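Read the single chain below, which is given as structure tokens and is the form predicted alone.
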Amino acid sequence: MAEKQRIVIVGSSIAGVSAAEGARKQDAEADILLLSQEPFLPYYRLRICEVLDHPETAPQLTLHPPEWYDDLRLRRLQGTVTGVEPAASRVRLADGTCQEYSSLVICTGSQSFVPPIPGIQRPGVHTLWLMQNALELAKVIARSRSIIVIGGGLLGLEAAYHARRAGLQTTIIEKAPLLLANQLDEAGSALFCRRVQSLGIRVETGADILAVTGRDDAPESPARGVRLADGRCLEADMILVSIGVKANMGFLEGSGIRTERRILTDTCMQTNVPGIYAAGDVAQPDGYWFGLWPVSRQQGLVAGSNAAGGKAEFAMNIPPYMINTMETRVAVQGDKGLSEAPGYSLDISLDEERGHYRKLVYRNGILSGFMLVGDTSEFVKLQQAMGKPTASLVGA
């Protein structure tokens, strides 16, 4: 009788959980171990800001109940991986133990990027990425009156929204000239920004932070604001840094696994080391990185299945960008129409009063992209019309 496969999955966000699911579907008998650095059951990270309002609801964000893992016969173990030894087919943990594997899936995700701004390490400067961050931040918000959020991405926007709902004077500082500059054009961003401001949130775009200031010059003095490049000083009781993430892969040093900013894989999610796969935020298949929840889930399923002997392949389709925050919605897919070309045309409508913006992008009469702010009810229709001529939208 053949020996059971031993599949070790490092990381328990959506990519790791999906990898375990994919491995079990491929091999009903494999020994599957899910290693997690966190003490919590895997949770829905996209809803983590809800914990800022109601910390007691944290358990409701779990992806699956404990019984789900039992039913799939998935073993869970809390531990921090400090090294990978491909020659010995094992991973080292911080407690000095090792876990051997026949195949390994790395789904360690990301961590908040904290820029080297003078004073950024002061007490009172926070990040938000893990459940523990959210639980701690909820306590700080409850005793604060004002907050500065550095970064205008989705997580920063959501945190700012929940802080404002809690009654804090809230300021968003964004270095780019626009909010959601990677997703929206100037008109769409301006409309979205006005929506944010209508909720009583101050927005500073094109703002470069020179330093985080404190009560005094001592580095251990608690943060009390920021100093901007234009000379202004903005004050707040607390500061949240939310300007992006970096991959969790420091433990790979000396492993021989090829990395750039993330772990390099092929479309089967396999690294350059046979039997070792990667998925989710930490992975970069064929040079692409997406940083999106549904993509991480798909990559996890592929990596887990292949780690168990499957032949799956990750489809390199870029999903739409969709958010629901600041009491409005945004949906963007395909060409944003920011550069003109032969055969280029736009269909744009703006309703300032209702806060709606609609932009359709055509190349040679073919719908190649769209942008919706406020009213996203056409999303499905437009998605179905992508790659089709203009006439496909008439009467739809």
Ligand SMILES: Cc1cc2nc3c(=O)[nH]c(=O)nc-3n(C[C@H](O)[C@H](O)[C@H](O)COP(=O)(O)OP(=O)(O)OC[C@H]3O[C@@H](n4cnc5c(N)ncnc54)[C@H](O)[C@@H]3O)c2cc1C
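Every value quoted in this text rests on a predicted model; they were computed, and no experiment measured them. One rule holds for the numbers: they count along the sequence shown, beginning at 1.
Although not depicted, the form predicted together with this ligand is the subject of the following passage.
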{"property": "Proximity of residue 155 to this ligand in the predicted complex, heavy atoms at 4.5 Å", "result": "yes"}
{"property": "Residue 108: touches this ligand in the predicted complex, heavy atom cutoff 4.5 angstroms", "result": "yes"}
{"property": "Partner contact for residue 183 in the predicted complex: this ligand, 4.5 angstroms, heavy atom", "result": "no"}
{"property": "Contact label in the predicted complex: residue 118 to this ligand, heavy atom within 4.5 Å", "result": "no"}
{"property": "Stretch in contact in the predicted complex with this ligand, which is absent here, among 46-54, 347-355, 364-372, 332-340 (heavy atoms within 4.5 Å)", "result": "46-54"}
{"property": "80, 197, 102, 169 - the one with a heavy atom within 4.5 Å of this ligand in the predicted complex", "result": "80"}
{"property": "Partner-contacting position among 287, 123, 291, 96 - heavy atom within 4.5 Å of this ligand in the predicted complex", "result": "291"}
